[in-house]
Structures are given as structure tokens and as C-alpha cells.
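In the block that follows, a single chain appears as C-alpha cells, in the form predicted on its own.
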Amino acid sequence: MWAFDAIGTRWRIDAPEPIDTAAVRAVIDDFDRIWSRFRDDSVVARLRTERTVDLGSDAPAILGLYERLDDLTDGAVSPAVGASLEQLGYDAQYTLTARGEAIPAFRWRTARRDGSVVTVDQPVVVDIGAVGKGFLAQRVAELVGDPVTVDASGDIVHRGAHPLRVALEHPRDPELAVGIVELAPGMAICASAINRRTWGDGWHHVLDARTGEPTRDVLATWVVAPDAALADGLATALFFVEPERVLDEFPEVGCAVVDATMRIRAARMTGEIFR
């Protein structure tokens, strides 16, 4: 077992063989150097000042998934939400002090993408928080090789020999759970909740890109999928679309949603929901 901190979160990797920690660190550091909106020297930060930027070999997969999420949520989930987050105080300095009223994100559909090259007609602050951690957890699991379990603070890729029991944290009391999922080998589970990053007058990090406002109707979501990036992205999408639509469009996934009334809806999840 190896536990460490990276990209602002806690990681744990469990494997039966020694882990090449230097290789894992290199993959994470490279990802951060390209995609972090908290770094002035990141590649993605160039879109704040440049109109055309090559975002590297991972961009087609990451931005292609965002395009699917944009379609699914009618624009609510967007990689251009960074400026909206910074407006509310979730910036590189973690000031957590709003600069003014919420602002809508740049409409990502107006950007042009040719493979890994993105062209925009105005400065854009890209934030891939809805997909990035899951994508990176999947990449680390593939690097280490089977069998392995990678836990990036709740974004879990399980490639072990036996199912893994995962508790679903209560969104109003982290000492409790609202259920337990049996995560099958080869699957991933990712979660999103508004209680993880909250500040000020009810601000949190799950924003509707169309308005820049935090969503209020859902407290927490979980998605089980064969790929952690997909699970991560759909966990955010479930704040804006009904679970039935996600299940219809993505037959390979299962999900659970806790709304603001503490009603729990779950489907295609092996385990138990505490009602």
C-alpha cells in the first residue's frame, strides 16, 4: 500500500507487487503541468491569453468526453467553468471570497477543436475538475497494472481479483453512510458532493456552467462504470439531469443520487442502499 498527496488530494494505491512510485509521480506531474488551472505555467493556462493551444495527447479523450457531457446536460457541464469558479472565490489562492455575482461560463460549443488543438475567440479559464481526477486515476491504474486498486479520494479504480465493498458517504454527516456498493473487478466508482468544498453564503464547486450558479437540487451522486473518467463526468452530470436519462444513454453504468430532500435513488448498483 502506498499513500501520498498529489493534485490537491489524497491518493492510495494497493497492489500485491512493488509499485514504481517514480513512474506514477511522473504521470501525475505531467498531467498537472498540462491541465492545472491553479498553475500559471500549465499548458491549459495559455488559453487565458492565447487563442490556439495544443493541449497534448490526452486532450481528445478528455475534451471528447466533455462534449458528450455538454450534449447530455444541455451545456450545464463544461470545461470552461474555471472563470465562474474563480469569480466565486475558488481560485489559485483559495481566497474563497466571491468577487461579485455569479457569471456564466464561456460557451464551450463555440470553441473549435481539431484533435488536441483548441481554438477560442476570447480568453477562457479551463477547469476539467468534473473529469480529470477520474481520468488520472484510470491512467495510474493502467500504469501500475493488474491487480491494483487506486483510490484518489473517492474516485476508485478497482482491478483486483475480488469485489470491493465501498461505502457511500452521507452528504450531511461524513461519519455515516447511505449505502454500500460491491464494486466488481474491472470497474470504477466516482462520487461528487456539494459538501466537500463549501464556503461563503452557500457557495460550492458544482456549478451550472450556463449561469455560474451552484446547483441546489442534488446533494451527492455516485456512478459505477468501466472507466473512471466516464464515472467522474457522469457523477457531475447527475446534478443536472435525471438518472433515467443517464442510464438510457449509458447502459454500461449504474448510479445513485441523493437529492436535497435526502431522497435516495439508485439503479444498477450491486449492494445495499439504506433507506
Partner chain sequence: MPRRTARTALYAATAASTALLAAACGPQTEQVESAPSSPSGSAESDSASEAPASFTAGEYEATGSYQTPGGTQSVDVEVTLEADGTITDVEVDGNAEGGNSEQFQKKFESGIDAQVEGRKITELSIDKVSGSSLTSGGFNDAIAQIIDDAQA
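Positions refer to the first chain, counted from 1. Since this is a predicted model, take the numbers as computed values, not measurements.
Same protein, other form: the form predicted in complex with its partner chain, not shown, and the subject of what follows.
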Would all three of Phe38, Leu85 and Leu96 be in contact with its partner chain in the predicted bound form, where contact means some heavy atom lies within 4.5 Å? no
With heavy atoms only and a cut-off of 4.5 Å, decide whether Ala15 touches its partner chain in the predicted bound form. yes
Is Arg139 one of the residues lying within 4.5 Å of its partner chain in the predicted bound form, judged by heavy atom distances? no
Although its partner chain is absent from this view, report whether Ala167 comes within 4.5 Å of it in the predicted bound form, heavy atoms only. yes
So, Ala6 and its partner chain: in the predicted bound form, are they within 4.5 Å at any heavy atom pair? no
Out of Ala102, Leu143, Ala92, Ala177, which one falls within 4.5 Å of its partner chain in the predicted bound form, going by heavy atoms? Ala177
Sort through Val124, Leu72, Ala111, Ala191 and report the residue having a heavy atom within 4.5 Å of its partner chain in the predicted bound form. Ala191
Among 111-119, 73-81, 124-132, 148-156, the stretch whose residues bring a heavy atom within 4.5 Å of its partner chain in the predicted bound form is 148-156
Residues of stretch 253-275 in contact with its partner chain in the predicted bound form (4.5 Å, non-hydrogen atom): Val258, Thr261, Met262, Arg263, Ile264, Arg265, Ala266, Ala267, Arg268, Met269, Thr270, Gly271, Glu272, Ile273, Phe274, Arg275
